[in-house]
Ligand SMILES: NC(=O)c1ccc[n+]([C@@H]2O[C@H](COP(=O)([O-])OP(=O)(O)OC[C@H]3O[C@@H](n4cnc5c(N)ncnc54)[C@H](OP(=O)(O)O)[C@@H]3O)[C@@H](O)[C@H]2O)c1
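First, one chain by itself: the form predicted on its own, in structure tokens.
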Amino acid sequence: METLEGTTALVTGGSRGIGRAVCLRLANDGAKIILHYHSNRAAAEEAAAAIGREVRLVRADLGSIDEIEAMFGELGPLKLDFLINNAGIWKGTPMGSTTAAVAGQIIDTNLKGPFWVTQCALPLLKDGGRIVNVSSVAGRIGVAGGRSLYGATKAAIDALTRNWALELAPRKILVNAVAPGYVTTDMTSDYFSDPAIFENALRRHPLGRLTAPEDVAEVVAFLCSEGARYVTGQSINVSGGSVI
């Protein structure tokens, strides 16, 4: 197993779901974790306890540029090896009944948030570091249940990934994305409470199960490893073959 001893990773939305799994996986390889959370301090502390080694907790609403900048001010003059842009929200935006407040929250958190976090992180990120964005197959396929704006923000994350890979290549910073299929997490539990939606999602996964957070974390760990030293500008499906 490759060691990440001596490295530091900032994981946004690290208290639950995919983010928590990524924190555990990178910490298991030896990385020091800076775990960002928004509002659930108890979940963040539980995740830190599960990691079982030094973890730094930082809080910010990623829909607020002021709070993002304040978070980085709190971090101070440290050096990052890895930035994992994982935090996001999953809300319905059915056409004809979506409010401006909900639409703005999704765009601010899922798109402007990762952009501003990355901008603030760049002075701290070492040359040769890695950025991994958590996208979604929802950015490439239709998603039932009125999630069009969510899918649009994830398509935009893929676009940012390709553009950042070019822009940051002179610093040898590698930028990639992982695109999970339907993932079973706290965030999607209400969505999958509808049996018809769950069965439709399951049918879209040829391997016969939905994506687990740990499936995604393994690919994130690969993209942070020496084995991925010549991979950049890619968005890798982690979806059990779910492409339609």
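Note that residue numbering begins at 1 and tracks the sequence as displayed. Computed from a prediction, not measured in an experiment: that's the story for all the values here.
The same protein also exists as the form predicted in complex with this ligand; that form is not shown, yet it is the one meant from here on.
A.B. asks: Using a 4.5 Å heavy atom cut-off, state whether Ala156 contacts this ligand in the model of the complex.
C.D. replies: Ala156: no, not in contact with this ligand in the model of the complex.
A.B. asks: How about Ile89: is it within 4.5 Å of this ligand in the model of the complex, going by heavy atoms?
C.D. replies: Yes, Ile89 lies within 4.5 Å of this ligand in the model of the complex.
A.B. asks: Quick one: is Glu69 in contact with this ligand in the model of the complex, heavy atoms, 4.5 Å cut-off?
C.D. replies: Taking the distances in the model of the complex, the answer for Glu69 is no, it never comes within 4.5 Å of this ligand.
A.B. asks: Is there a non-hydrogen atom of Asp186 within 4.5 angstroms of a non-hydrogen atom of this ligand in the model of the complex?
C.D. replies: Asp186: yes, in contact with this ligand in the model of the complex.
A.B. asks: Heavy atoms within 4.5 Å of this ligand in the model of the complex: which stretch in 135 to 143, 158 to 166, 76 to 84, 94 to 102 meets that?
C.D. replies: It is 135 to 143 that comes within 4.5 Å of the partner.
A.B. asks: Only counting heavy atoms and a 4.5 Å limit, does any residue of 46 to 67 reach this ligand in the model of the complex, and if so which ones?
C.D. replies: Contacting residues: Ala60, Asp61, Leu62, Gly63.
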